[in-house]
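There is one chain below, alone, in structure tokens, taken in the form predicted alone.
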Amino acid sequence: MDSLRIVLVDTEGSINLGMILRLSANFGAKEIFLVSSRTYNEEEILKYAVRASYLYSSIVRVSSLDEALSECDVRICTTAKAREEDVLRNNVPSTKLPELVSKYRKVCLVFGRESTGLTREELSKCDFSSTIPTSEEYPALNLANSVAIYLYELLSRSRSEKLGIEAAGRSQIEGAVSAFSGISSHVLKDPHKRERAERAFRQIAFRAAPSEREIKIVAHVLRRALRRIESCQSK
């Protein structure tokens, strides 16, 4: 991983924003995007940022999550809710992320609102989701605490776990995902099942962090299968 972008969606508290700036300085994270139209208390932010107040002016405020996720090779949404049967919340534990993201150049890590987290629509914009293993009785962590744990995992541990084989570019993986989606549209008539299958393939593809050669082989087979299906249906 060459760089990490922290994406904050509609953060509700100025104190948390200040603490996140401080944490960013602690771990060397320099890119912070804020998706929000809220008005924040600048004095409060700077107070809790302490000596990281210089990062306040570098926060990039955008109007949409899509804009914040631009230029990212892999997009990871964080959530306190983990459900194996829910394809959007079949999460990767935070402890497993360092090895996974070490193959990607640009990583985006998305954090939701303190009160409600991320919506399902927002979760669907990420390639997969992640959660911090906590007590089942009270799984939700404070936003700043969550950011601290992820920054430690990704920026401290991943430095010693880089694997050497770089993952394929985002556009190449998306090509394989697109071919799979084309196949699923022909073989699965139920829209719900098709959506689940396509989401599952996307998560598998990005979690695997395939090399350029690997994803080219997979995409080639999928495209040939799609052409064969379309050819048979046109006869």
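Here the structure is a predicted model, which means the values were calculated and not measured. The numbering used is simple: start at 1 and walk along the sequence shown.
The discussion below concerns the form predicted in complex with a further copy of the same chain, not included here.
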query	finding
Every residue of Pro133, Asn145 and Arg207 near a further copy of the same chain in the predicted complex, heavy atom within 4.5 Å	yes
Contact test in the predicted complex: Arg61 vs a further copy of the same chain, heavy atoms, 4.5 Å	no
is_contact(Val35, a further copy of the same chain) in the predicted complex, heavy atom dist at most 4.5 Å	no
a further copy of the same chain contact at Glu121 in the predicted complex, heavy atom, 4.5 Å	no
is_contact(Gly28, a further copy of the same chain) in the predicted complex, heavy atom dist at most 4.5 Å	yes
Among the candidates Leu69, Val177, Ile183, Ile45, the residue which, in the predicted complex, approaches a further copy of the same chain to within 4.5 Å (heavy atoms)	Ile183
Residues in 184-202 with any heavy atom within 4.5 Å of a further copy of the same chain in the predicted complex	Ser184, His186, Val187, Leu188, Arg196, Ala197, Ala200, Phe201
